[in-house]
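Form predicted on its own, single chain, as structure tokens, below.
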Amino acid sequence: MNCIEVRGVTKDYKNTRALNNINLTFEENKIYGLLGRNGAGKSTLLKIISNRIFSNSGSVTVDGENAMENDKALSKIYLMSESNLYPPKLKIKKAFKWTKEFYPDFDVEYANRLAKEFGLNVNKNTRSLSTGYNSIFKIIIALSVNAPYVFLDEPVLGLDANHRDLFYRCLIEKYAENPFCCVISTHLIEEVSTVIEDVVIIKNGEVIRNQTRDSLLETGFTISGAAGAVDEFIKGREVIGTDSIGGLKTAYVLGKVDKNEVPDGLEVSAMDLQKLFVQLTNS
């Protein structure tokens, strides 16, 4: 099976452990959500996988080959990161042509078509782009490289609602026509929850969840109502967080619940991905 395997990866910065013994597999032709709070280690992990920085221990393999300084393995990976590594005076249309030199499957025609859809002027140079259009430029590159493994680190930074919607639509259309492994690292969990198939949650440099989105959402529920009744109902259950307003209370609970056992006056509902993420990653 073609995949990227991360085994025992640990990364230290002076006295700070950014990643601690990470073990993950990113399979081909799947869309993953890589979720975590600021400083959780998401970007560090993506940079190690793409060989931009090195881990203190552990290994990364791409389709069975060690990725460390291995051009063949690394040519299968494209990382869209916060940094724009193109020369500042390079025009967008020239950037498309140069990218094809490094990624032979880069689709220049498709990139130009996306540029029109997003309203990106290909005669501008990369330095002149606003934060939003810099993200759009990097998105277009990422969707056009046709690499088997594409990592998107905060891809919608600075994008307005219309452009974010267009990005997700283009991603799904691209994936439907030619499936590939896509890993989206983002803070906009509610937006991405309908796009991703598998979820990896990192907290303090460690993986705390790694499963399909649907199975993760089935691990818990929300119970709401009068505070006293909620407190009574959640006794002995695994509560990961609560919210209170006046005399009303909402509890976020891991485990299964039979709706027939819920007393009158209390409301049980499924937990959405963003609420579950927030409660799992609270200190």
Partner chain sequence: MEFENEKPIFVQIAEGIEDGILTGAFPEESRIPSITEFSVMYKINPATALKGINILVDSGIVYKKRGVGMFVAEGSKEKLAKKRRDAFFESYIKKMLAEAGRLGITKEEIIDMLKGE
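Numbering follows the first chain given and starts at 1. These numbers come from a predicted model, not from an experiment.
Form predicted together with the partner chain: not shown, discussed below.
Contact stretch among 141 to 149, 187 to 195, 108 to 116, 73 to 81 - heavy atom within 4.5 Å of the partner chain in the model of the complex: In short, 187 to 195.
Exercise: Tyr86 in contact with the partner chain in the model of the complex, heavy atom 4.5 Å: Tyr86 lies outside the contact set for the partner chain.
Contact label in the model of the complex: Ser269 to the partner chain, heavy atom within 4.5 Å: Taking the distances in the model of the complex, the answer for Ser269 is yes, it comes within 4.5 Å of the partner chain.
The partner chain contact at Ala176 in the model of the complex, heavy atom, 4.5 Å: Contact with the partner chain, yes.
Any non-hydrogen atom of Asp231 within 4.5 angstroms of the partner chain in the model of the complex: No, no contact at 4.5 Å.
Candidate from Ala67, Ala251, Ile31, Leu46 lying within 4.5 Å of the partner chain in the model of the complex - any heavy atom: Answer to the contact question: Ile31.
Position in contact with the partner chain when the complex is considered in the model of the complex, options Lys94, Lys100, Arg213, Arg209, heavy atoms within 4.5 Å: Contact residue from the list: Arg213.
Any residue of 158 to 173 that, in the model of the complex, places a heavy atom within 4.5 Å of the partner chain: In sequence order, Asp165, Tyr168, Arg169, Ile172, Glu173 come within 4.5 Å of the partner.
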